[in-house]
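Coming up is one lone chain in structure tokens, specifically the form predicted alone.
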């Protein structure tokens, strides 16, 4: 690989550390210039550095392989007799939520393939960026499978009834397609929210293996957020996808009563197209997701991601709305 590319790879560790700090999952995550990382300047890597898909996909694979952990071993090491009622509820809720991750990843794979072919011959660097997104979604899907299977199997060990086949099939409804930048930006914000939720739960759990499971899943969500930020930024950098679309999604999350508040909203939209379980967290799990500390971490992560994606800094939800309206009017 070229020197400039390697230099770029070595500099993205600071971005990763910042995401872990904001999500509250910073323990034991020191950076190293030799570690495989998420490429922060992806469009430039293809267009200006002449990187190839084979090089980028290898970096994706190195990153994935370096971070793998064993869900079976962690689940088998949890001692159920040491879990509180809230711990048990958190495990069950997480299993339900993670079951809806696969259709989101399936949608991304399909959408990325269609968009990649749309740009071939018009902007080949952009087509390569989007192909890298579609290719990476296989790792994302596999990691979400770790989360789903780990929490679901643990909930069965705790005595919860298994979800019926009809429920599993219903939860597999594939999400409807949307503009690619809006979709990827939405996923970056959603992964940040999930990371904060797992970080909040991990701080309150006392059983060591369950704490480790929650922290591993939370760290995965941070990595997913990093990737979605990188892909979103590349779409904006290409000039083909306007930054206003990322602002529109940020406003959707940050506005009063927005997606940020999940199941705590006065009105949660009823959807016939797919299930978003984070909108249905109940009792203690729902309350832990909207504590003042959790909401502040989630706002900070979304504002941080929006700046990384668009290059435009906002300090408050009102600034996001004002800038979004300015961009819409241009």
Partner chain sequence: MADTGELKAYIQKKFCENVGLPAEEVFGPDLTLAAIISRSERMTNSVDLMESFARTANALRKDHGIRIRLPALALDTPISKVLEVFLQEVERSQGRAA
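These figures come from a predicted structure and were not determined experimentally. Numbering follows the first chain given and starts at 1.
Another form, the form predicted in complex with the partner chain, is not on view; read the next lines as being about it.
Checking 88, 215, 251, 146 against the partner chain in the predicted complex, a heavy atom within 4.5 Å turns up for just one residue: 251. Looking at 152-160, 177-185, 232-240, 90-98, the stretch with residues near the partner chain in the predicted complex, meaning non-hydrogen atoms within 4.5 angstroms, turns out to be 177-185.
Although the partner chain is omitted here, in the predicted complex none of 189, 298 and 308 has a heavy atom within 4.5 Å of it. Remark: residue 165 does not count among the residues lining the partner chain in the predicted complex, judged by a heavy atom distance of 4.5 Å or less.
In the predicted complex, none of the heavy atoms of residue 110 sits within 4.5 Å of a heavy atom of the partner chain. Contact annotation: residue 102 falls outside 4.5 Å of the partner chain in the predicted complex, judged by heavy atom distances.
Residue contact check for residue 73: none of its heavy atoms lie within 4.5 Å of the partner chain in the predicted complex. Along 304-330, a non-hydrogen atom within 4.5 Å of the partner chain in the predicted complex is carried by 318, 321, 322, 324, 325, 326, 328, 329, 330, in order along the sequence.
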